[in-house]
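Shown here is one chain on its own, the form predicted on its own, set out as structure tokens.
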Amino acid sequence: MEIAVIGSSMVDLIAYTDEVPKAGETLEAKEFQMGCGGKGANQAVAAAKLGAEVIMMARVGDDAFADNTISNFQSYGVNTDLVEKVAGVSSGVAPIWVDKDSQNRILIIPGANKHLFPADIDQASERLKGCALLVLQLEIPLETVYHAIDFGNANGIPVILNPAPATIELDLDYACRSDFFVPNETELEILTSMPVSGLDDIRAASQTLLAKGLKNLIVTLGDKGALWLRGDEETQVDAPVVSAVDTTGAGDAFIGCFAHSYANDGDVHQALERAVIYASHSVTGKGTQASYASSEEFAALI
């Protein structure tokens, strides 16, 4: 059964630098890499590299980046039947700065990602109805995200919603219609306007969302692992200790691995454990998709 990722694709322009320039300052960076990214694309590739059957629904521009993006999906075995070009529009681009502490700063130019509309889901409905899982993020129009959630609910397809990048415009009533709501700490802080400086704060902020009716809330905690809350129950999964090189795309690695594992056997706890290991390993390499382990590499890890 296929996993459908309905979301964004970007071209990542990554600069590795000891310092991020101040206003008016020009600095020399140590290294530059260009790669394919975007939260939706990253999640699709992570799941596909682990052996999942994945179909990507996305929009690219009619520029030099488009064919490369589509070829990149295909190189990882992601089905691109629902990836289409939009005339007169640029592809999505994400300039990324990675500092000496392996922390990243990202700008997003959405481009064609803003041209994925609710009607596109309706047009692809027969294909999507056969999928085992829908995976969504917030780098496409919110009305398209809402329509996809409604589509999943109407057709009995579980939905994973990764509220990234977080926005207070997100309708939490729709979030509650997802089966798994997966923010990181920063996104949780934005969505709740509450501090997240420690686990107690994170629990308190999480409870405000659970009180609204969320079924499963999974908060990714970076090098501290992940916290799964549902009702009055809580499960924390610790992350292995690794030497981080680049944290870009780690959250997407988590989502992709979780989606693959959950779609495979429905075991949430095992999916969490695997996703934490997979995401932790991803930060030991540079870039996003290039740093994701294959199924063989991941089997060795676990």
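Numbers for residues come from their place in the sequence shown, where the first is 1. Remember, it's a predicted structure, so these values are computed and weren't measured experimentally.
What follows is about the form predicted together with a small molecule, which we do not show.
Visitor: Hey, of 233-241, 57-65, 32-40, 268-276, which bit sits against the small molecule in the predicted complex at 4.5 Å between non-hydrogen atoms?
Guide: Among the listed stretches, the partner-contacting one is 32-40.
Visitor: Test of understanding: in the predicted complex, would Gly256 fall inside 4.5 Å of the small molecule by heavy atoms?
Guide: No - in the predicted complex, heavy atoms of Gly256 and the small molecule never come within 4.5 Å of each other.
Visitor: Met194 versus the small molecule, in the predicted complex: is there a non-hydrogen atom within 4.5 Å?
Guide: No - in the predicted complex, heavy atoms of Met194 and the small molecule never come within 4.5 Å of each other.
Visitor: If we define contact as a non-hydrogen atom of the residue within 4.5 angstroms of the partner, is Asp120 a contact of the small molecule in the predicted complex?
Guide: Result no; Asp120 lies far from the small molecule in the predicted complex.
Visitor: Does Thr69 reach the small molecule in the predicted complex, with heavy atoms at most 4.5 Å apart?
Guide: Thr69: no, not in contact with the small molecule in the predicted complex.
Visitor: Please tell me which of Cys176, Val86, Ile108, Ala132 lies within 4.5 Å of the small molecule in the predicted complex, judged by heavy atoms.
Guide: Here the answer is residue option Ile108.
Visitor: Verify the flagged residues Glu2, Pro158 and Ala263 against the small molecule in the predicted complex: is each one within 4.5 Å by a non-hydrogen atom?
Guide: No, the candidate spot makes no contact with the small molecule.
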